[in-house]
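Only one chain is shown below, in C-alpha cells, and it's the form predicted on its own.
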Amino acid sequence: MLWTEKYRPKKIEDVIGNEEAKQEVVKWLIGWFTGNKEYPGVLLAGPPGIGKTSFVYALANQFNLHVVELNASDVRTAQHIYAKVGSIGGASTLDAFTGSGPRRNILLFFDEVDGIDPKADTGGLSAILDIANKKEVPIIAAANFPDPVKHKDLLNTFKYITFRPLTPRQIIILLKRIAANEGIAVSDELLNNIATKVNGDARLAVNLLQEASHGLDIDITLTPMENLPFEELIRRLTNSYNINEIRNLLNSNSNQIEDVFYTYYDLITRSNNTSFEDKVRLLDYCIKLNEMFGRMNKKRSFYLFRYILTLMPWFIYSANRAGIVYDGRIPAYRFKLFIQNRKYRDHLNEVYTDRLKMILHESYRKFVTETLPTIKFIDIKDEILEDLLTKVI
C-alpha cells in the first residue's frame, strides 16, 4: 500500500503546514453552516503534492461531512458535471444515496478545477458556478495553477485561499513521523537529502521515503527530468532499464507521452534485434495503448490518461529488455509534424486542394498522416509530388 494513502491525515491538525490557510477554510465552513454565505465556495490554489486534497478530507472527517468528489480533469463539460452531481443540491444528507446510515451533510469537492478549459469544455465552469450560486451545499475547489483570464469568473466568485509548499523542516517532521510508525531507521542525511530536493512537495517526499525503505536509489528519481527536448527524452528512455526512472521521465514529460508511444511503435516494427515472440507481445501492448489514446482524444475521456501513465512505463521497460534501441532516425509518423508551421501548411493546403485530391482520391487527413510519410519511397513521376517533396519534406 502506498504510504501517501496509508498516512493520509484524518484530522486537520495532522495536516502539516499552511496553518493560516487552514484556519481561513475552517472559518468559512463554520460561517456557511451558521448562515454566512457571502462566498458560495472556496478555491484552494497551490502546486501539486502540498496537501490540498488531504486537507479537504481531513476537514470533512472532523466536521462529519460526506465528500462527493469530482475530478475536473475527468468530468469537464456541463453535461457531465450535472450528470454526476444530479440533484445533490436538494439533498443535504446521504439518505439520497444510501437510503440508510447516519444523516451527514455533504461537502462537494471539485479537484483540479484548472483542468477545465472554458472554451473547449462546454459550460464546465459555468455549471460549477451555477451549482455553487444555489448555495445549497458547501463547495471547495482545488487548483494547481488557475489562469487569471480563463478562470476569471471562478476567481471572482469563490473565496481564494493559497496553499504554499512545505518547508524542508516541515517535510522532515512529516517523514520522521512516518518512519516512526513504520518502525524503520532513517539517517538524518537521507531525510535532509529528500527534504531539500522535493521543493515542498510532501507527496513526492513520502513516495521517496517509501522507495528508500525498499533499498531504491532516490537520486535516480531526483535526477532532473522535466521539459526535456524530445530527442533527449527518447535517448534517456531507450537507455534505461530502471522502471522507476522510466516512470519519472514519463511523468515529468507527460505532454510528450503520445509522441513517445508512436516512436516506440515505429522502433518495434523495424527492429532487427527483437524476436518474433517479443514483437507480438509488444504490439499487443501497442493495440491497447493506441485504443486508449484514441478514446481519450476523440471523446475527451481524460480519465484514461491515468491508465496510460500506468501502462506506458512497463511497455517501455519491456521494449528495452527486448532489445529495442533508438537509432537516431526520425520515425515516419513524425513527418506530419514538419508541416505544422504556417509556411509549409499553407503550401501543402494549396497543392493538395488544386491537384492532389484528384490524383490520390483520399482525404486531407489520410494524406497527411499516412501517405505523406511514405511518399519518399515511391518512384515520383508527377511534378506536383516532386515539388511537394522538395518544399515540404
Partner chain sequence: MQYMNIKYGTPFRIPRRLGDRFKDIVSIRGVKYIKGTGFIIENKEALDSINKILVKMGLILKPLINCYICGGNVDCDECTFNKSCHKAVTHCICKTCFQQRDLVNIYISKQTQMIRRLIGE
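Computed from a predicted model, the values in this text were never measured in an experiment. Positions refer to the first chain, counted from 1.
Omitted here: the form predicted in complex with the partner chain. The next part is about that form.
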- Query: Pick from 251, 126, 133, 167: which has a non-hydrogen atom within 4.5 Å of the partner chain in the predicted complex?
  - Reply: 167
- Please pick, from 318, 162, 275, 310, the one residue with any non-hydrogen atom lying within 4.5 angstroms of the partner chain in the predicted complex. 162
- Would you mind picking out the stretch of 148-156, 204-212, 259-267, 239-247 that comes within 4.5 angstroms of the partner chain in the predicted complex, counting non-hydrogen atoms? 148-156
- Item | Proximity of residue 297 to the partner chain in the predicted complex, heavy atoms at 4.5 Å | no
- Message: Considering non-hydrogen atoms and a 4.5 Å limit, does the partner chain approach residue 173 in the predicted complex?
- Response: yes
- Message: When the contact criterion is heavy atoms within 4.5 Å, does residue 177 count as touching the partner chain in the predicted complex?
- Response: yes
- Task: Examine residue 9 and determine whether its closest non-hydrogen atom to the partner chain in the predicted complex is within 4.5 angstroms.
- Result: no
- So which bits of 12-35 sit within 4.5 Å of the partner chain in the predicted complex, heavy atoms only? 12, 13, 15, 16, 17, 19, 20, 22, 23, 26, 27, 30
